[in-house]
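Just the one chain here, laid out as structure tokens, in the form predicted alone.
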Amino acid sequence: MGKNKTIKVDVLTRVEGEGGLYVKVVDREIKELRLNIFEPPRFFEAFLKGRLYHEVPDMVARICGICPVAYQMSAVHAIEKIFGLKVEGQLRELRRLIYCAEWIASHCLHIYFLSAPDFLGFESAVAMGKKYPETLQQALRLKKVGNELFSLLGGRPVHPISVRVGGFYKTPLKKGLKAFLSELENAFEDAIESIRWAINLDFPDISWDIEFVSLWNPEE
């Protein structure tokens, strides 16, 4: 690298949202370094104007292909609150389960395919898999289970179509859920191994002066 140089990358892959990088080097020393994570406007607020209430959950699910349930369920809860509806019992448990399916698939994607290659110095998960084939196989097994559970509850693995205001358009049969139980039991071992594997990654010693806020349910 020369003594003076400016590096500007407008679009970075493998980040949540969109990313950009700016580095300014003077006399071989980094003088300015900026990592920008930004979310471009989606204009969904405008898309939803004048639509019928039952169209909204399916439309907002398209905001993201990785976490569609978060958007879909937020819309459903908001509309149900307007109507004075309260979904409880088994329907609420099924909604919780479809959220878990998304978390399995989303966390697996983030850990193994978006983050791990950078930690281990590879350009992609495919390149990483050539040196760590068992790790990649474990990732693919977990992702598959998350996608299959998503399909069982949501109708398909991306942008679910079964969730509606008041419940579901179609719920899975009890025998279908029971048949899938063994898949989840096997995936549990892969999940535990994933935790053991991830905590051994070389995390940089960085701290932020920031206050984290989260929601919680005392019964879950």
Partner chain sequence: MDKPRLAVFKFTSCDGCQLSIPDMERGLVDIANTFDIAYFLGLKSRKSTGYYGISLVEGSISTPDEIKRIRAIRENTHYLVTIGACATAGGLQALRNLKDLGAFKKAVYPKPEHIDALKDSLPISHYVHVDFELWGCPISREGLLEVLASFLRERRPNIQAYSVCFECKRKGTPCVLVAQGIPCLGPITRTGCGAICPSYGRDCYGCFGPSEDPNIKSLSLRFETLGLSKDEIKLRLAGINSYAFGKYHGKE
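Residue numbers count along the first chain shown, from 1. Every value quoted in this text rests on a predicted model; they were computed, and no experiment measured them.
Form predicted together with its partner chain: not shown, discussed below.
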So in the predicted bound form, is its partner chain close enough to residue 188 to count as touching (4.5 Å, heavy atoms)? no
Is there a heavy atom of residue 124 lying 4.5 Å or less from a heavy atom of its partner chain in the predicted bound form? yes
Should residue 24 be classed as touching its partner chain in the predicted bound form when contacts are defined as heavy atoms within 4.5 Å? no
Can you tell me if residue 44 lies within 4.5 angstroms of its partner chain in the predicted bound form, counting non-hydrogen atoms only? yes
Which listed residue (94, 109, 75, 101) meets the criterion of a heavy atom within 4.5 Å of its partner chain in the predicted bound form? 109
With the partner omitted here, the residue among 181, 192, 52, 30 that in the predicted bound form has a heavy atom within 4.5 Å of its partner chain is 52
Restricting to 175-197, the residues within 4.5 Å of its partner chain in the predicted bound form through any heavy atom are none
